[in-house]
Ligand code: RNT
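Heads up, the chain below is alone and in the form predicted on its own; it's given as structure tokens.
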Amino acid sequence: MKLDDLLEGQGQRKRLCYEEAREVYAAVGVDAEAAIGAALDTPISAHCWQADDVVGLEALDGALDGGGIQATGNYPGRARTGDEIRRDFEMAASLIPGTLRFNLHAMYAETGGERVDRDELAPEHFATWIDWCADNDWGMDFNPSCFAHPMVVDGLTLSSPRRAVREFWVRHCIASREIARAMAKKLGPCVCNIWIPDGRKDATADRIGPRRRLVKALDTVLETRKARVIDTVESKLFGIGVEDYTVGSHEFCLLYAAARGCGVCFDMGHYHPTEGIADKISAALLFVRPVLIHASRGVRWDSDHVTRFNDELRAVADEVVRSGRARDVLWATDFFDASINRIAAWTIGLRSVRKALLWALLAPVEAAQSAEQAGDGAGKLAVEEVRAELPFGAVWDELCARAEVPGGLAWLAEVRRYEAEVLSARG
């Protein structure tokens, strides 16, 4: 069957009646109405950098290195200005159900063509972004951009042995937290997430020295708490050019967060390809708040494929819901695929996260936990298995209908129309 025929069939198909689906879920102790409400109300912070392949809007001198970040592909229609990014995300947001936030990197400052280095950035350079989010009733999150800059020297930033390099990035991170404070003042609590690319390519001789410097640098950055700014630190297993050693490893970031009272970010693509983060969440939540999840998808050594509704994402959502600490978990997306339509990438990724949340909220958890507590292993397995037979699709369709966004594959036709009318003109 051709895709166009499938799209038409999707639009015409008769959905399983939601009322029937609700009764099926009720029979296993699940309130579908409550699940829809909770899934729609959970904020998901959408990352700006999918729109332009992590190019940014800066006017800086010198050749820039990606610092371990590389978007592959050359699909036409990349956003080139802040206005184009905003327009593109408005289109994507019209196809994504539920509460949204917008996540911005410092390299997306709008300075009117004036050269303003990263350690000199101020809230006024993000005024248009803040006003736009206010107009759309979206909260905002923010990130220092400690990569793709001439002051990334020998692959190091906050952990550099060069005092001038370290101090530059400390100033940048401090400035970023001031910008996050301005966002929070107007839009409510703002996550300020710090990730650095620092590491070595091979045969690292000194592993503790850079980490000791990183502790001191982060302590300086986070010395003063900012009202309504939620600070988090993000780890990575390795990056391009730093395959042997990453300063900000998982252990470093988790222990730093626990010791200093800030949050920790688990990026789903920042671990070994065979390692999932689901089991880490309930352990971390006992010692660290909040846990920020960057929904991404690793494929071999690439950490940033578009998020899909796959086993790993479902497992993470399950762990968050079953922990009973969902209020202490923040959701965001982090991927960049330059090989496909970028609005479609946003739409697929964020709809997948929302879908995983609904999937977790519809799980017959109470029945499974009761069986487990009673020592009924067979009953527990039976309850977990029957989950796959429940009419999840009907509830997802109802969620989309209530959010007034297309269900099934109908959203793809809207993306194609936007591509023909807007993206194709960009060349």
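Position 1 is the first residue in the sequence shown; the rest follow in order. It should be emphasised that the depicted structure is a prediction, and the values quoted were computed from it without experimental measurement.
Missing here is the form predicted in complex with L-rhamnitol; even so, the following discussion is about that form.
Asker: Since exactly one of Y245, W129, Y256, F336 fits, which has a heavy atom within 4.5 Å of L-rhamnitol in the predicted complex?
Answerer: None of the other options qualify; the answer is F336.
Asker: Give me the residue from D302, E178, E124, E120 that has a heavy atom within 4.5 Å of L-rhamnitol in the predicted complex.
Answerer: Filtering the options by heavy-atom distance leaves D302.
Asker: Does any part of R342 reach within 4.5 Å of L-rhamnitol in the predicted complex? Heavy atoms only, please.
Answerer: Although L-rhamnitol is absent here, R342 would stay clear of it in the predicted complex, with no heavy atoms inside 4.5 Å.
Asker: Decide whether H105 counts as a contact residue for L-rhamnitol in the predicted complex under a heavy atom distance cut-off of 4.5 Å.
Answerer: Yes, H105 is a contact residue.
Asker: Report whether the minimum heavy atom distance between H294 and L-rhamnitol in the predicted complex is within 4.5 Å.
Answerer: Result yes; H294 sits at the interface with L-rhamnitol in the predicted complex.
Asker: Does at least one non-hydrogen atom of V383 fall within 4.5 angstroms of L-rhamnitol in the predicted complex?
Answerer: Close contact is absent here: in the predicted complex, V383 is far from L-rhamnitol, nothing within 4.5 Å, heavy atoms only.
Asker: Within 4.5 Å of L-rhamnitol in the predicted complex, do we find a heavy atom from each of Y25, R314 and W359?
Answerer: The answer is no; none of Y25, R314 and W359 reaches L-rhamnitol.
Asker: Since the chain is shown here on its own, which stretch among 265-273, 156-164, 89-97, 218-226 would lie within 4.5 Å of L-rhamnitol in the predicted complex, judged by heavy atoms?
Answerer: The contacting stretch is 265-273.
Asker: Suppose contact means any heavy atom within 4.5 Å; which members of 40-55 contact L-rhamnitol in the predicted complex?
Answerer: W49, V54 sit within 4.5 Å of the partner.
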